[in-house]
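Here's a solo chain for you in structure tokens, the form predicted on its own.
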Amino acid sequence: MSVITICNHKGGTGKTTTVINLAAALGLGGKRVLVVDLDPQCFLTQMMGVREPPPQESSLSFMAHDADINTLPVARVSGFDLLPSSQYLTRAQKKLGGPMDSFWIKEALAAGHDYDVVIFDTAAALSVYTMNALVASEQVVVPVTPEYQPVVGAGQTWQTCQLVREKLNPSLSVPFFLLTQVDARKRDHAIYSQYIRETYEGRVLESVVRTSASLAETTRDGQTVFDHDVVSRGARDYANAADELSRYFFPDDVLETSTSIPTPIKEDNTPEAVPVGSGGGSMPHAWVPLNRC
């Protein structure tokens, strides 16, 4: 069983899209997946076409002494189960300021369940819900668009994970970084991609998620990219990312997603991957102050 938080303190990096499509890819690979929407804005819940539930039937139900993951009112969507969010999480957050309020989800998961994978979607802002996810997790994936502000947000997320690992959850692994919304035609994307790879070295996935019309279209109809167009660029990219992550998360049970997704038809002449090493070399580290682990 693997518990994963998808997190970046900067919004607009494809975080929710990554949660949905990684979960779908893992589901296609035979895993039983639970996605928990911990964002009070309910973007993931809405994108999957699930109606916002009453607060007691939302992810807020985790924040209770008697929380039982096996009885939570999940919605079955495309390839995974979803515990939807509620806007009431914003109001409830005011009552969750105690020293032990970051451990609710960890305690609930410790009681046992039948899922192979639990994935948390978090808001960009650092909140008690994000902290609950990180304290309960073993792994973190940071989606980062190769542009200045998302790279800064990724650095801040790295620092937060270091703090959580040192103070609250020693089982939390060093984060992985997934480059998202990559456009190989943009010189800045090549520069920042190289900077990310040089800064975080082996923690950056070789797989990247390129800009894709299929990904943009799925946000409007409640489908995953695999439902929308299984041979699209977006489907191939997320299948590859899930396959690569599975080699880390499930070393004894390598996901066969890459063999279950047909080879895609090229959509245009955009290069298949970011030309790392082109476009001006490394970014000055002073631009993005980092506290490396």
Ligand SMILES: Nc1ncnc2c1ncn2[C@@H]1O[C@H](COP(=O)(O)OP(=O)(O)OP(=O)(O)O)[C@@H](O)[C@H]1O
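These figures come from a predicted structure and were not determined experimentally. Numbers follow the displayed sequence, beginning with 1.
Absent from the display: the form predicted in complex with this ligand. The rest refers to it.
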property: In the model of the complex, the residue from K106, R165, R210, R203 that sits within 4.5 Å of this ligand by heavy atoms; result: R210
property: Contacting member of L96, A184, M131, A124, with respect to this ligand in the model of the complex [4.5 Å, heavy atom]; result: A124
property: L26, G29 and S246 all contacting this ligand in the model of the complex, non-hydrogen atom within 4.5 Å; result: no
property: Contact label in the model of the complex: L215 to this ligand, heavy atom within 4.5 Å; result: yes
property: Members of 11-27 lying within 4.5 angstroms of this ligand, judged by heavy atom, in the model of the complex; result: G11, G12, T13, G14, K15, T16, T17
